[in-house]
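Presented below, as structure tokens, is a lone chain in the form predicted on its own.
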């Protein structure tokens, strides 16, 4: 076997282990959403069912948590993008000797534990509310407001890192040329810098929303009367969970895959159009697939995923696992009856054995023989026995 083949096999094994380690728990948890067992489990498998999705959609606490998480996530995105972009622009223009100090200050919230940030947010804005008067209590003690501010303190730092990486590729001469041609600073920012930063803004917005959606440490101190999804899930785990949590995880995984495929399909479609305009790749005509699917595997997979979801939803409306669940209950009851019979038989045999090997049925006490009489000699030997004989 050649070294090239060995290296490929090693790389394949590494990728298999790597993605299995990352995606294995998600796959297992997604499978538990379709098991009729009352506790999330894959083995033993009971019946295939969609009932846990119905349980999820009827759980008002979970739905309310999702709504609050989306609202807080959107607010966190707006605040974090504004702060992060401003900090990145200042970092590129600040005096070089102060750049390291400024960078350290901006990055510091990432290194601070979320618990500390949550407590600090409550204490700080409570003091601000007392300084401004009772009229501001409704705002500064609002759970959504406090959570957005608490999460933005460190998520803005992540956004700033993305913007700094993008600005490192920006040519300041473009802005200077626009200013020389009579444009104002606002026009130069809006028409030159902002379009250049658009991909970074989109990436930072997605990162900020996901970081806000899954945050727990900071949110647990600031949510007030507006619990997020992570707070509701943590409270549910304390009192026991059911597979409706697995159905929620499955939906989140599907939406994530759907979003990734949609972005990749859009990117490939845009690239194909640009290459076609440049004459590097002429658009293919004919064929079975529509134009936007040709040469775009991500779009094909996306369409197949949509059809699969639509088919699953249609099947869920008519599929009923009641007969299967009745069969499972009957099998479990039969197993329980067999175990009870086995225990009763075992107990009957044990009682029968005791009857044959037990004491006399007339209750006559057994008389111990002199040979089996216990010796009265202790630590002093036969000293007291010799004294008795002498008397």
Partner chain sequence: MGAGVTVNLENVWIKFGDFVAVREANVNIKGGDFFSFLGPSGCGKTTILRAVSGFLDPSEGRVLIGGKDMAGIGPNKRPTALIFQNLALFPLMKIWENITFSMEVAGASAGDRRKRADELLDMIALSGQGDKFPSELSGGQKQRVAIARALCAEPDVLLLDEPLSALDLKLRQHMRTELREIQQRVGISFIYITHDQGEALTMSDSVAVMRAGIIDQIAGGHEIYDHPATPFVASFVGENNVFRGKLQSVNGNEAVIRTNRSGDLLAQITPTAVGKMKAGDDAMMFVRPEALALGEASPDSKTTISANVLNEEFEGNSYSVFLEGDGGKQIKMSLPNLGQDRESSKGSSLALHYDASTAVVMPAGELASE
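Keep in mind it's a predicted model, so treat the numbers as computed, not measured. Positions refer to the first chain, counted from 1.
Another form, the form predicted together with its partner chain, is not on view; read the next lines as being about it.
- Within 4.5 Å of its partner chain in the model of the complex, a heavy atom is found for all three of 181, 187 and 191.
- The shortest heavy atom separation between residue 137 and its partner chain in the model of the complex exceeds 4.5 Å.
- When its partner chain is considered in the model of the complex, residue 266 lies well away from it, no heavy atom lying within 4.5 Å.
- Put simply, residue 314 is far from its partner chain in the model of the complex: not one heavy atom of it is within 4.5 Å.
- Among residues of the shown chain, residue 224 is not one whose heavy atoms approach its partner chain to within 4.5 Å in the model of the complex.
- Proximity to its partner chain in the model of the complex, defined as a heavy atom within 4.5 Å, holds among 304, 177, 310, 168 only for 177.
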